[in-house]
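Below, in structure tokens: the form predicted alone, a single chain.
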């Protein structure tokens, strides 16, 4: 029923937590959480009326009554009756705009499409630590999923740039991208080998945990 990315997100949800799924689309993740008895109750929001109509149809199809839907932008007008917040399938700037409030739960699960370093650094400044980070490869694309919990943490330069997944296939993918950017810039006589490329190369060679 679920794709790999949503299944990975669901694996990070603590049993019996109350979840708010922002940008729920067809409500597939909330339905999965209820059907598999991971959660007893789920809140789900989306800004798209059409998406919520599809969500309602899916909820009815599976005869589920304990999913509450909200047509709203981000967290607006949603009662604080949840302890876990999930935001996936959006860019970092959109995610951070949603999180631009001090009234956030202890647990947040994020999967951004871009600017992961900015996401990690900003969440760290907001007082959240990375508890776990997963990488899923699906449809020729890597998806990074981060479980945050309130707490202090000193992020190394490596973790800021490349995360904590320790997924060597993902690291190799990032290395090739970084190297390609360097080679193009070097041909234009304005490129320098980035320290990040060196760090990533050493991590791959040593298969070292960060």
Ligand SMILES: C[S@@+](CC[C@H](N)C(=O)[O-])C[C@H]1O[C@@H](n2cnc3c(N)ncnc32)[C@H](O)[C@@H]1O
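Numbering follows the first chain given and starts at 1. The structure presented is a predicted model; accordingly, all values stated were derived computationally and were not measured.
The form predicted in complex with the named molecule is left out here; the points below concern that form.
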| query | Looking in the predicted complex, is the named molecule within 4.5 angstroms of a heavy atom from every one of 13, 36 and 38? | reply | no
| Want to guess which of 117-125, 131-139, 101-109, 72-80 is within 4.5 Å of the named molecule in the predicted complex, heavy atoms only? | 72-80
| message | Between 161, 46, 144, 178, only one gets a heavy atom within 4.5 angstroms of the named molecule in the predicted complex; which residue is that? | response | 46
| said: Can you work out whether residue 90 and the named molecule are in contact in the predicted complex, taking contact to mean some heavy atom pair no more than 4.5 Å apart? | reply: yes
| said: Residue-level question: is residue 19 within 4.5 Å of the named molecule in the predicted complex, judged on heavy atoms? | reply: no
| field | Residue contact check: residue 6 to the named molecule in the predicted complex, 4.5 Å heavy atom | value | yes
| said: in the predicted complex, does residue 51 come within 4.5 Å of the named molecule, counting heavy atoms only? | reply: yes
